[in-house]
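This document opens with one chain alone, in structure tokens, the form predicted alone.
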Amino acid sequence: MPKVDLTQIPAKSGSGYPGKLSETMQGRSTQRIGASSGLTQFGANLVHLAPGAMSSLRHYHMQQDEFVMVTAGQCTLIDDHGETQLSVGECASFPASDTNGHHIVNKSDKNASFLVIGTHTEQETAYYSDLDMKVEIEGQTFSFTKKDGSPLPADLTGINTP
């Protein structure tokens, strides 16, 4: 039986966000369940949030669907419609190309976790609702720019560009 042993999948902290933005992901860790068990057509990750932590910057995807289900604790979904409390077993979904920017925050005083399942595509573009930023993904390469494609400012990334 292909049972997945979560105790054997390491939790990874940190972020792929550029510069100072990576600091905003403190208190978040992920377990890459799908990749660890050989799945290739969709991602399945268990995201753990310490009190006060958030899942990501508020964003939306152009090519990839995203589905979340709370597995422990209490989470707050923040999207263009406001805040929605999510308890264990409750779900939310975000179809590709829906411009409803979203993320999940743990506003409680206890740890929380949720399962996120999403489409794998070779290419992806995602936009960040509260920043002038987008990411273009090609394979395993992430390219962060302003929404118009120009470089991000040095005060955001810590990288001076001409």
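Heads up: residue numbers just count along the shown sequence, starting at 1. Everything numeric in this text was worked out from a predicted model, so none of it was measured.
Beyond the structure shown, there is the form predicted in complex with a further copy of the same chain, which is absent from this document and is the topic of what follows.
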Looking in the predicted complex, is a further copy of the same chain within 4.5 angstroms of a heavy atom from every one of 127, 132 and 156? no
In the predicted complex, does residue 76 come within 4.5 Å of a further copy of the same chain, counting heavy atoms only? no
Quick one: does residue 33 come within 4.5 Å of a further copy of the same chain in the predicted complex, counting heavy atoms only? yes
Is residue 60 near a further copy of the same chain? Define near as a heavy atom within 4.5 Å, in the predicted complex. no
Could you confirm whether residue 93 comes within 4.5 Å of a further copy of the same chain in the predicted complex, counting heavy atoms only? yes
If we take heavy atoms and a 4.5 Å cut-off, which stretch out of 132-140, 104-112, 51-59, 36-44 is in contact with a further copy of the same chain in the predicted complex? 36-44
Where, within 62-87, is there a heavy atom within 4.5 Å of a further copy of the same chain in the predicted complex? Residue list please. 63, 64, 65, 66, 67, 69, 71, 77, 79, 84, 85, 86
